[in-house]
Structures are given as structure tokens and as C-alpha cells.
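Here you get one chain, nothing else, as C-alpha cells; it is the form predicted alone.
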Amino acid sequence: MRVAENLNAALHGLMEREPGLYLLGEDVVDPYGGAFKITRGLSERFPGRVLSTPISENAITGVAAGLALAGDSAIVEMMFGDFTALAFDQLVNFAAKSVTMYGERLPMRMVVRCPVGGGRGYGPTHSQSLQKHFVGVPGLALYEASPFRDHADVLAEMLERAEPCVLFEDKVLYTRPMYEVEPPFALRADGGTAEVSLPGVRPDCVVVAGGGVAHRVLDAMRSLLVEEEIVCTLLVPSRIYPVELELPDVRQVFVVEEGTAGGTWGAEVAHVVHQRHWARLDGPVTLVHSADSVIPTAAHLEREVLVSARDVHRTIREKLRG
């Protein structure tokens, strides 16, 4: 099963179990089934609960927040995650605040799904990873789609939090198979954070990464092992904020993300790691980002901007080998 199919199956199962759950978004009704076909088949099975909306991300998110405030549940599909900028006010000033601003905690069961990331040639305003702009908002939890965790569990967990959540889905994941890890590495995915490691070998470093860049990190881990005899362990958390991360006993930590540097999720991970593990680290956590640039449409220029396996390999080699 590919990631897109896993997401679609998760939505089918969730809507079947929860009769008060609505799904809203642009062109989500069949036969289109959403820009990336994640909502395919849902409107036929659940008529009246899957609603194609006008092109207004602000309005879509506001309606979803209203449904959640009234006691229902709602999932919003943004056609592209870049357009969450248009829904920022509804998420930050309405939905996230409504959980606690009325004198008692109110359940706000809503999820905003955001296809993000480059690698598809969609250009500057359809390829961004805007996760960092939502980090640190009280009452707003952030998740990232992962090929290493069933999204039925992820979506159920998000709704059970009873607060607004954003799920960032890197578009390059949609066609990737679930749980695919090539030898000699092995996957352990029995909780909210998946671990990919070389069995029985103490790692030289840990790399923390979101699901969208996980396979780029795995490519770098493989080349580092073969060419440099450097052993890495990869941690892929499905919830990226609030940060809750347990590290194995290592002295070097790296964080890889596709967004640009400055006030990032990676910086928040580094802050948490420094608070908890500074005494046993050899130095500060190293952050690896895409270039400080808009994302070009031309494939060869886009590759120069987005973080790559080559960038990860080079950064880890230079840090560990000097």
C-alpha cells in the first residue's frame, strides 16, 4: 500500500466510525476526489458529509472550526499547504484559542491536512514547507505524514487530542510504499516515533527528520555507511509539535527538514535535546535545511534549492570527520 492509499483508507475508516465527522475542501467530491486523490470514494459512501467548497481557505477553516466548536468533528483538505497562509487567522486566532478561552476547556476536534514540499516542479507558491510558521502556537498540535506509521492511528490520535491539529503531508510521499526500508537497515515502528537503524550496532549519530525527507536521510545513511563507515540511526516522529523525543545514547545529533532555516521545528527539537541531553553531547545539535530561496519550477534549479541526500551526507561527514 502506498502512502496515498493508506491516507485514503484511514479517512474511509474514520468516517465510518464517526458519524459526526465532516470533510471539507476544494474539489474533494467524486469523481475528482481531491487534487491528489486522497478523498477518492468518500463522497459516494458518505453523502452530505463530504463537501466541496468555494476557493476560500479562510472560510473552509472557519466553517470546520465552527463545526468543532459546536460538538462535531471536521477534517479540512488544503489543496496545497502553501494556502494555509490564508487560513492562518482562523487557525491561530479562532480554532486554537477556542479550546481554552471560554472559562473551561472545550473539545475542538478538527484536523487540517496540508500537502507540502517540493520535488514536483510546482514552483514557488505550490512547493513550500511552512511548518515553522505554526510551531509554538498554544492549543495547536502539528503532525507530519510518515511512510512508517499507519495514518489511521495518526488521524485517530489527532482527533482524540480534542484540539486543532495540522497534518503536513509531503507530496513526494504519496506514491511511496508504506514501511519500505532496504537492508541492511531495519525499521522499528511501535509508537509515535519510528526508528530506522543498523541492528546490533551502536550508532555514531542520530538523525531526526520528518516523514517527507526520511528517504533522503536513508540514502545518505547508506552512502555514509559504505563510504565513510559512519553508522546513523534515523528517528521519524509523526507528531512534530509539541516535541516529545527520546534519544538513544549518542553524542552527535542532526535534524533534517525541507523548510528554510530560521525559527524552525528543527530549532525546537534542538532546544529540547539541549535541555535534556546536553551533558552527554559532544556539541550542539546540527540543523540541515533547504537553501534560503524561493523554490524554482525548473527541475535542475529546484534540486539545487531543496535539501538532498547529498547535503545530509556532506554535513554529517564534515561534522564527524572534521
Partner chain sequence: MSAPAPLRERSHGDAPAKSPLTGLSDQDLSLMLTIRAFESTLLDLFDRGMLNGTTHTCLGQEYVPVALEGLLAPGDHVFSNHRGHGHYLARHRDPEGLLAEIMGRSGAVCGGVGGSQHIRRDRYLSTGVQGESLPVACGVALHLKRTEPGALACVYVGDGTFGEGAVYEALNIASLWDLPLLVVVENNGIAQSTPLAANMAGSIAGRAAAFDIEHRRVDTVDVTAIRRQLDPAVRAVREGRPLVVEFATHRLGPHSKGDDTRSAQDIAEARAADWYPRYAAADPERFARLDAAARAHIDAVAADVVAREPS
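On a predicted model such as this, the values are computed, not experimentally measured, just so you know. Numbering follows the first chain given and starts at 1.
Absent from the display: the form predicted together with its partner chain. The rest refers to it.
When its partner chain is considered in the predicted bound form, only one residue from Ala186, Met101, Val226, Val201 comes within 4.5 Å through any heavy atom, namely Met101. Among Ala261, Val294, Val63, Val272, the residue placing a heavy atom within 4.5 Å of its partner chain in the predicted bound form is Val63. Heavy atoms within 4.5 Å of its partner chain in the predicted bound form map, among the stretches 281-289, 35-43, 264-272, 66-74, onto 66-74 alone. Proximity to its partner chain in the predicted bound form holds for none of Thr175, Thr193 and Pro242, with the criterion being a heavy atom within 4.5 Å. Among heavy atoms of Asp89, some come within 4.5 Å of its partner chain in the predicted bound form.
Its partner chain is not drawn, but in the predicted bound form it has no heavy atom within 4.5 Å of Ala309. Put simply, Leu14 is far from its partner chain in the predicted bound form: not one heavy atom of it is within 4.5 Å. Using a 4.5 Å cutoff between non-hydrogen atoms, Thr125 does not count as a contact of its partner chain in the predicted bound form.
Residues of 200-216 placing a heavy atom within 4.5 Å of its partner chain in the predicted bound form: none.
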